[in-house]
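So this first bit is one chain, no partners, the form predicted on its own, shown in structure tokens.
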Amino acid sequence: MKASILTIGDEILNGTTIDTNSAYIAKACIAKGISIEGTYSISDSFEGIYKGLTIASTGVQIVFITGGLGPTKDDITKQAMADYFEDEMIFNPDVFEKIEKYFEKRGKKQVELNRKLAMIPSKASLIDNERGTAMGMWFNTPSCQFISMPGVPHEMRHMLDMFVLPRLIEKHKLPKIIYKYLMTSGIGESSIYEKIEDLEANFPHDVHLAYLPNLGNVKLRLSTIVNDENETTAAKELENIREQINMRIAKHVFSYDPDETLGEVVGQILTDRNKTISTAESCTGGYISHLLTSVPGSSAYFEGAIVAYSYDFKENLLQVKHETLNTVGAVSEETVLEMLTGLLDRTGTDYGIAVSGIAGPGGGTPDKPVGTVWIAVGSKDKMTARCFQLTTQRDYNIKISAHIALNMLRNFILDNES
């Protein structure tokens, strides 16, 4: 079954609000066997909504619509859809009573403007909103279903998960899709493809592999459509394929869980070994420690960070030699190794990470251009350092350096304490 997504709102078009609804709908639909053929964003205008509904419904059986269901002047989705389907708006007393109870429960007085929320196109089938006052609407035509939901993310997500998708599954007997994942780091999608090209060429025709790159990571998603009779066999086949892929790129696979982060994986490795970690950060400005401390319970293994940006801080806080900084500079193998040594001496943690680089956009030289980053990981007994040539984009360089550093530490611990 094919679908499209239509988001309504000037705030999305002008960049004031980021459209997270489309991503959530797409992910939820794909998991249920509904393919998304396109996503569209349109303005809060009758002309824009008419045009959007026509374009979004071409060649699909479902159009998911978000936004414009509130009581204010710019919320015109209901009226626009009523006009589009040659319908009329009617007052729904049941909806109005629900709205009154909603506000009474919260100690608020119902205002006349909210009567607009109870005006509903007569042909629409209502979708309950347990998180707010704007009801969803379901329009059926011979060729397409139009499902209109609130633009408020937490309201839309609850409505989609609890009412919309269950109704679609029951109505259309959607196929069941099973997935297997490999989360990788430290390797690009083209390199992965080169290593597993022959495996992928021999996949069963109903097994599909998607490469989903993100910041510093590539998610590999295996999928196949199953029924009740072959689900167990298909799941075993998918698991076997995943293991074959893992054998080719094992050093880069950090998890089989698509929602698990590198910070969580490193934290679990440290927890399992009852070890601690600290960080010495220059160009990353504390972002590595942010990734580590974003994990609940990280206080069990994360001791702290020293963000030493200047030469003086590197010397005074991390015991980097003055001679080192003035001969080879802050962005060098010697400096990050001395940063790591000083960090471990001062904190007493079992492991450490040290990073120094040129994040950009300025500060580069011919021999050390913007994007040059040195990273060291290890313990007092053993350390390793590597240089990376990244991009000219400051924010990207900071974040990718942090992910690279965590993956370096993960591999270091596994290689030396397996």
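Between two forms, the rigid core is defined as the largest C-alpha subset superposing within 1.5 Å. All figures in this text were calculated on a predicted structure; none of them were measured in a lab. Position 1 is the first residue in the sequence shown; the rest follow in order.
The form predicted in complex with another copy of the chain exists for this protein as well; it is not shown, and the discussion that follows is about that form.
- For the marked spot (42, 58 and 307), a heavy atom within 4.5 Å of another copy of the chain in the model of the complex is present in each of the three residues.
- The partner is absent here; in the model of the complex, the one residue of 153, 188, 285, 258 having a heavy atom within 4.5 Å of another copy of the chain is 285.
- Of the candidates 208, 195, 346, 273, 346 is the one whose heavy atoms come within 4.5 Å of another copy of the chain in the model of the complex; the others do not.
- Heavy atoms within 4.5 Å of another copy of the chain in the model of the complex are found in exactly one of 332-340, 120-128, 294-302, 250-258, that being 294-302.
- Another copy of the chain in the model of the complex comes within 4.5 Å of a heavy atom belonging to residue 398.
- Though the partner is left out of this view, residue 36 does reach within 4.5 Å of another copy of the chain in the model of the complex, counting heavy atoms only.
- In the model of the complex, at least one heavy atom of residue 27 sits within 4.5 Å of another copy of the chain.
- Interface membership of residue 51, defined by any non-hydrogen atom within 4.5 Å of another copy of the chain in the model of the complex, is confirmed.
- Residues from 18-32 that approach another copy of the chain in the model of the complex with a non-hydrogen atom closer than or equal to 4.5 Å are 18, 19, 20, 23, 26, 27, 30, in the order they occur in the chain.
- After superposing the rigid core, the Cα of residue 48 is displaced by 2 Å or more between the shown form and the other one.
- Comparing the forms between the shown form and the other one, the C-alpha position of residue 12 differs by 2 angstroms or more, with the core used for superposition.
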